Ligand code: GLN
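Below you'll find only one chain, the form predicted on its own, shown as structure tokens.
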């Protein structure tokens, strides 16, 4: 049982309690920093500082949530992506580091002063759209989502980061976008198969299923996006998609079936096929 004490002892005891975590020290430090409103360096500089009763009680509540495998991002309400501090809730998927590859590939197709038109389909917390907006401030970006709750969070993130060139619209993929045509379409859609064993992982249980699952083979959303995007892309425009580790061949086949050119798959830092692109 965690006992009220100084920072060092509380961290030591909480680390021992987080037996299910792959990073018990980091988890403990992030939660304690969140409670105290300090940086991690503070924990080492003031390791003998006593917590107040209120701080201790709050930390214990958060630690118990983590012990039950709730993701750190949902506990603190924030997740860093592309050096942006993004608000997240259980209405949004937690941005993953590997998705930064998708942002990188978009940026390689845009000059620094580019004024291209971009659509981020299924924006969630706004991570992809806002990362692009940060790096290419003259681009015109439209971010969509079928979840009004997710869009609300994305709009909050855009406002707090002062990235005003991003607009948001409620839409299931292309449904509410009429005949718009753009230079780049980017998306990190749901791509997990309905019976995939990864869905049994404890932390994933907390994330919105609509942002994860896409039919029997995990390809429903990807297939729909590839088919419909063809009619919304200008000449020589690009579609960039994130997908699962075992979907490279299937995704490339779909791009070919719908007459895309210059199809290429990019691998993430773990050497896993993560992003496939195609050009009109």
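Numbering follows the first chain given and starts at 1. Being a predicted model, the structure only gives us computed values, none of them experimental.
Just so you know, the form predicted in complex with the ligand exists too; it's not on screen, but the next bit is about it.
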* To do: Using a 4.5 Å heavy atom cut-off, indicate which stretch of 47-55, 229-237, 250-258, 208-216 touches the ligand in the model of the complex.
  => 208-216
* **the ligand: the contacting residue among 142, 72, 93, 151 in the model of the complex [heavy atom, 4.5 Å]** => 93
* Asked: Of the residues 177, 182, 110, 204, which one places a heavy atom within 4.5 Å of the ligand in the model of the complex?
  -> 204
* Would 13, 59 and 68 all count as contacting the ligand in the model of the complex, using a 4.5 Å heavy atom cut-off? -> no
* With the partner left out of view, is residue 170 within 4.5 angstroms of the ligand in the model of the complex by any non-hydrogen atom? -> no
* Classify residue 157 as contacting or not contacting the ligand in the model of the complex by the rule of any non-hydrogen atom within 4.5 angstroms, answering yes or no. => no
* Asked: residue 198: heavy atom within 4.5 Å of the ligand in the model of the complex?
  -> yes
* Is there a non-hydrogen atom of residue 98 within 4.5 angstroms of a non-hydrogen atom of the ligand in the model of the complex? -> yes
* Sequence-ordered residues of 164-199 touching the ligand in the model of the complex, heavy atom within 4.5 Å -> 188, 189, 190, 191, 192, 198
